[in-house]
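Included below are structure tokens for two forms of one protein chain, each presented in isolation as structure 1 and structure 2.
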Structure 1
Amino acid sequence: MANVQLAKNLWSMKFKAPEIIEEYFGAGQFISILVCDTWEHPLRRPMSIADVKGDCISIIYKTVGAVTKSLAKMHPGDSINVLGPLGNTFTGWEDGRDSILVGGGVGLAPMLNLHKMVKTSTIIIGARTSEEHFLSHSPQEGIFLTTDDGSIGIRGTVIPTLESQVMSKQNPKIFACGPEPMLKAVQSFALENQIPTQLSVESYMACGIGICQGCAIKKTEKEGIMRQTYHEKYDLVCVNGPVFSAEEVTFD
């Protein structure tokens, strides 16, 4: 229905998907897209749901490789095959005053989705330069942009801004989705400061519905795990996630 460029390498696509909306139950869930039915790109591509309005769904995607680039070339009237909604949701965000959302790049979609649910929450969006941002830096409204080069918003990674926002809340909670280095940094900050945190993680996926066992993510090691177990050491991002608490998962 619409396919527009938001910023450098960042696009938004909106399309009709009433059947998916019927089963949709919240921010964090994703869909899996097959752009064309030839075998040039065998696997579906997972994409978080960025917005649900009427009978339309939006995604926000970064053009990183062949499939996302071909997605950017699509026009109203073209069709794609979509499987979903898949995965779980963020939880416990209802009190916006305490909720801090952190996103960037490929992880922008679920955070903007959540931000629409809790307008009073604070959102921090990281990028390398101003070219990759499309919102405006407006701290009064709780929207903070950061850039590595300081070309817009606050210079640096999202972490210093996250720190100062955490300080200003009574019972801060963090919700984050983005590139792995960002998630790692948010996770270690959260664990050090014992702040309840949920991370939406990524993993290479084949089926998206829990049958291929492909999208494993390492769980934080627990004491007393027996040698021969199933899903004690690894979870599946597609059905157990993509949202995990910061204590649950380990990045390598």
Structure 2
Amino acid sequence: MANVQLAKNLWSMKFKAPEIIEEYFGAGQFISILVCDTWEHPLRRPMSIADVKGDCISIIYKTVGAVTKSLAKMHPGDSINVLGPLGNTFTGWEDGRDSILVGGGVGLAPMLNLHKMVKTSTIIIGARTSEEHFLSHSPQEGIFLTTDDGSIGIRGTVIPTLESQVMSKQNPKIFACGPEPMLKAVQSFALENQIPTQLSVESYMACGIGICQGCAIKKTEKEGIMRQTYHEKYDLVCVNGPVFSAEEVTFD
């Protein structure tokens, strides 16, 4: 196991998981970690897979509470309870389109994973400040960093940079993962401009396998289709996702 800090409150963990890797299909999938098997913190935490090499999986996580802070205190030789791989994958990146990847927060993990697979892709990563970035702003290599305060890369959200990159591509396709406000903005831009887009949705999950129903997301209403039952109106991020096309889901 390796567990290192990448940036402010941002950590990377690598650990051996050969049985999970045997079932791994590709970027977009996630694992569910039981960090503390106690009454105080009994729930698992979903973590996107950031990389797979040999018999090892890498994740990128943010220390925001007691559970993730305890995760940051783990050392080589420690063991961890992991369920996975879970969820579906990004698709269509191999169809010859110009792939534009957009990540924000810990949503950069699946984007970095996909970026390794899509050799000619452009990747845009947003954060509030330079302290939360660990990559270099390198437009000549297709790597664009944005910050709310302009302390590194391009000032502002990821959207203006996404717009300019879409304009420079002949046949763009967008892949995105990050906080809900970012995904809503990417979705709105993509639908308005009729750009094929896949969104990896972040959600709170207790089980990761569809039992707890805690990660429900509303399906987009379609003209002429009456959705009446709960299962007709909602999908589960853990089972039906986390990757959805921009047309499939609605963020309330």
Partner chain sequence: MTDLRIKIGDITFSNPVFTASGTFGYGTEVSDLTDVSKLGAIVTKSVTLFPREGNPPPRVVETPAGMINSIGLANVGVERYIREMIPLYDNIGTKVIMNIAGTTLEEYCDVLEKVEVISSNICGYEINISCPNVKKGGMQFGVDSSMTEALTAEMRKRTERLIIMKLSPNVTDITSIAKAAENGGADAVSAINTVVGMSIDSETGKSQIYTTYGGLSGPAIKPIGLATVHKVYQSVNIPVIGLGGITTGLDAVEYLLAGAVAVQVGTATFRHADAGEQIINELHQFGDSKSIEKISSLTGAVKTYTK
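Think of the rigid core as the biggest set of C-alphas that the two forms share within 1.5 Å after superposition. As the structure is a computational prediction, the values presented were derived from the model and not from experiment. Structure 1 provides the reference sequence; residues are numbered from 1 along it.
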Pick one: which is the form predicted in complex with its partner chain?
1
Has the Cα of His137 moved 2 Å or more between structure 1 and structure 2, judged after a core fit?
no
Rigid core fitted, then: does Gly150 show a CA shift of 2 angstroms or greater between structure 1 and structure 2?
no
At a 2 Å cut-off on C-alpha positions, does Arg97 qualify as shifted between structure 1 and structure 2 after fitting the rigid core?
yes
